[in-house]
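In what follows, one protein chain appears twice in different forms, each by itself as structure tokens: structure 1 and structure 2.
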Structure 1
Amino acid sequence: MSSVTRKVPARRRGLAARIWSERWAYAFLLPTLLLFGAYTVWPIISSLYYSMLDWKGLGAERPFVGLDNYREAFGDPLFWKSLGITLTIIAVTVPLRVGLSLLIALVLNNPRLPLARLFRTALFVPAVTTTAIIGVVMGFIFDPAGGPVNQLLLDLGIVDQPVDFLGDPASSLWTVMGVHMWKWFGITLVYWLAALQTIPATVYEAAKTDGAGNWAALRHVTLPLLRPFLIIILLLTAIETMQIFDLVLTMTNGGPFFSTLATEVYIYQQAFANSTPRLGYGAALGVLFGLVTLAFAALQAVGIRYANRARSSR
């Protein structure tokens, strides 16, 4: 018994000694930990708490309602519609972005291509432009009353009358998805360019020595070696596509007739923008949407593990 009691304090002293010896590392980490706790951990905890209240965001009355907000969310058709719209945006834009960016990356990765850096920069510039500004500008560009897109279509004789791209439920979602793809295309392109840089030049030299042409090298060397990155890039792009709030808000505000009502916009409307804000209900919707995002993040972790195994088995 005495030997056990001696080992425990010794272990504690050893841990305390290691912490003290690395005190400067912990001191430099402290600001980051404080900010992470204040702006990430605490909002998550407070959202869980607010989701169980019937609170408008103002006033001292905060009646506790338990899981009533979650029950209402499960029976809310607009919530399910918004979630369906968000998943539709993911299902349509993610494969297109990943596929098109891979094709462009294969072209721009050629060191003998003139002005390759200029093309890379031009494709990446929209990604670093403020999304809200792009949304406002696109509203003017697609404006049926004198917008340049409609003016061009009329001059070319493609349409007889202006098209209300953002005011027609049949075209508004497709227009938003097109702008979103253009805005973030450069990010996915950078992913693929980084993946292509991991393929050693000696592999291509060996393929040429064996008599493989450009098409054979692409089919039997490049694409198989890029396969582990495909899962990661797909999941990264899907998670990023879920964060479409600012573009939808500035372009359509979820309209017309809820045709572009992404889940983030619906949460914002319920919590802050309604005539009678419902912060508690909005928090419950945010928690549920966070669980969906968490599921994609879990898939991403599995994809990263698969990619590491695939790369180590080369």
Structure 2
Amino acid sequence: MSSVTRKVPARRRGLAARIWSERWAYAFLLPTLLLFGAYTVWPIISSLYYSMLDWKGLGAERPFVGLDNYREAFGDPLFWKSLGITLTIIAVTVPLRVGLSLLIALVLNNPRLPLARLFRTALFVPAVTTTAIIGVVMGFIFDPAGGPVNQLLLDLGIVDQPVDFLGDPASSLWTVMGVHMWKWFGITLVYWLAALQTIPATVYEAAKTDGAGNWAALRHVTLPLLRPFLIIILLLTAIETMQIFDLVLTMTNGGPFFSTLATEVYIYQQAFANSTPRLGYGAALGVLFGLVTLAFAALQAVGIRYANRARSSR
């Protein structure tokens, strides 16, 4: 509290005086305003304008073409395919990841389980590794000529010929999804463990004195209390899954035959990797992709509101 604030009531002071009295607050905000403004807010706004340009590279002429890029995107089978692939990855991996990690979290949450911390650490480790490195290395692990996965399958007699996991469009997307689940499983596991931590031990004790067995306690106490978290965890996991660029680019580069072409990989190819970069079209695809993400985020906001209401009504 500076002396100025105490002498003059806030409402009667001029705007300039009020801003001046909080000059330190603005000074503290300055780094965030500059950096966040330049690298997050400005890009979001300017993308809308760039998406209406025919723009073939940094420093090149970029005539305004209105909604042409959007018109092209709506008729672009590869864009729709890429959205379909991204949504397939979400639809397959998110429920599996959330369900399986809940199962493991329930087991790990038992205070009498030995080595629980060690198990949690082991399951979490892939989540801290560099995705791009993992993507490259997984190329070897699934290699048809000498990779350990094929060695194992051959040794066990499950297959007689090595499987070209990443080279065959029938299996490539499934392989990418499997690695993605392995890589990020630990994050969802920690979400669930955090949710389980919010249930006080007294609730279980009360259930036990009422004569509830382990299963009854799980069904009638634990799972209902976890339901509000389910929505949050599902949507957090879905939004994280939209950003699968690093893994796909390093594992398959969107191939073979576009079978793993996630939307961000397609945007990258259009904007940067083509022989003639198409930055305007890439920006339009980025805007459309951002809208899909926004839809998930909006769902989450609704979900959190619902969850809070469910929690406070208890």
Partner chain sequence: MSAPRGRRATRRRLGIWAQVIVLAVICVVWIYPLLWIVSASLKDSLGVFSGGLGLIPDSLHFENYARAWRDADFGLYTVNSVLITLGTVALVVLRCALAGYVIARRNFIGKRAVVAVLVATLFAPQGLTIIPVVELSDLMGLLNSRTGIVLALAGTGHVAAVLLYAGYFSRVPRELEEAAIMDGAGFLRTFFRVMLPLAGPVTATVGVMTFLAAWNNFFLPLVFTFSRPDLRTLSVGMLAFRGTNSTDWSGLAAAGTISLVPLLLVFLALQRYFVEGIAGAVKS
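Residue indices: 1-based, along structure 1. Owing to the predicted nature of the structure, the values given are computational and were not obtained by experimental measurement. Rigid core: the largest C-alpha set superposing within 1.5 Å between the two forms.
One chain, two forms displayed separately, with the form predicted alone being the first of them, structure 1.
Here Ala27 counts as shifted, since its C-alpha moves by at least 2 Å between structures 1 and 2 after the core is aligned. Once the rigid core is used as the reference frame, the Cα position of Leu58 differs between structures 1 and 2 by 2 Å or more.
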